[in-house]
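Presented as structure tokens, the chain that follows is alone, the form predicted on its own.
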Amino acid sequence: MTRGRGLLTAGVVVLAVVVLTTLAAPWLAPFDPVAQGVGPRMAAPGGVHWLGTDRFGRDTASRVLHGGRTTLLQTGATMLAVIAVGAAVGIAIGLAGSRLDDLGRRLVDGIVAFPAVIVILAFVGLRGPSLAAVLGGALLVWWAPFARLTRSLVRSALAEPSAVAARALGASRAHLLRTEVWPRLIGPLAVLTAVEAGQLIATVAGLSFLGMGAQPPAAEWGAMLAEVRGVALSSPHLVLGPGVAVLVTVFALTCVGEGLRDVLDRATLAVAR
């Protein structure tokens, strides 16, 4: 097995475990994630409290599982919107004339170059701290890398001899998109999606840790880390659950992205030979 396939397999397996575990949180979690006093306060891991309890006597394992549902489901929905907007904008720019293409390319490049966190913080400042505000702010700028990639791939695909010949024979734009552009978009977009999803999860968790995202008593990984930062040294088990969850999820998505890139590059080289 090549390095790329190994990374891809490992990433998919770990990501599948994380996603399935968090989706099954209502059945796997032993307690209500926001219920207080379900156990002794600041209890160490053991017994029915796999990861111990926090200062309110809430079960940490239950909060980690339900926090994954909050983080992954809402981030996943945002990523779908980001991909749709970015791909649509990229296709529109790629199909436009040279003047509009140049203007659109410069606009997208400017958005990509601008720090996304600044835009998100500004949006949170307008709407108030919440997970929805963080994801809404991310949606304003996170589509730009997808638009830039899509535009580049569209222009490259339409310059291929097969596409030029099809256009000379009177093929419609819809036909060109379906037969020439779309097959070349799927792989690179999948790679970018995996990488950007990991970065978005890390950003959401980081902003929640700073108090900009999910607010107490909501169970969300970044917010959970924020709640226990004052007792991280005396009660490290409270950091272990949400911290490892974020790291493992981002690591799995990075492995998927890197593995896909390597596999697709090898496939491209094999076809070229």
Partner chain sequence: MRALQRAVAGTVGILLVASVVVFALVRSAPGDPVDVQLGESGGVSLSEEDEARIRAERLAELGLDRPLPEQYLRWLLRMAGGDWGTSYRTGQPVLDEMLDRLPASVALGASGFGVAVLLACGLALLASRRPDGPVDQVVRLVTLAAVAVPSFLLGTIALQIATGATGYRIAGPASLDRLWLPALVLGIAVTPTMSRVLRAALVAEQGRLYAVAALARGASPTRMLLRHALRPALGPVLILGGLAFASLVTGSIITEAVFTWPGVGLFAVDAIAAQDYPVVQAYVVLATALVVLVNRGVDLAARLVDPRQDARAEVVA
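The structure presented is a predicted model; accordingly, all values stated were derived computationally and were not measured. Residue numbers count along the first chain shown, from 1.
One more form of this protein, predicted together with the partner chain, exists but is not displayed; see below.
- A heavy atom within 4.5 Å of the partner chain in the predicted complex is found for one listed residue only; from Leu73, Leu103, Leu80, Leu126, this is Leu126.
- Exactly one listed residue, out of Leu65, Leu51, Val246, Ala223, brings a non-hydrogen atom to within 4.5 Å of the partner chain in the predicted complex: Val246.
- Stretch 223 to 231 is the contacting one of 43 to 51, 223 to 231, 30 to 38, 65 to 73, since its residues have non-hydrogen atoms within 4.5 Å of the partner chain in the predicted complex.
- Contact annotation for Thr193: none of its heavy atoms lies within 4.5 Å of the partner chain in the predicted complex.
- Though the partner is left out of this view, Val250 does reach within 4.5 Å of the partner chain in the predicted complex, counting heavy atoms only.
- Taking the partner from the other structure, the partner chain in the predicted complex has a heavy atom within 4.5 Å of a heavy atom of Thr254.
- Residue contact check for Ile118: one or more of its heavy atoms lie within 4.5 Å of the partner chain in the predicted complex.
- Contact annotation for 6 to 40: a single residue, Leu7, has a non-hydrogen atom within 4.5 angstroms of the partner chain in the predicted complex.
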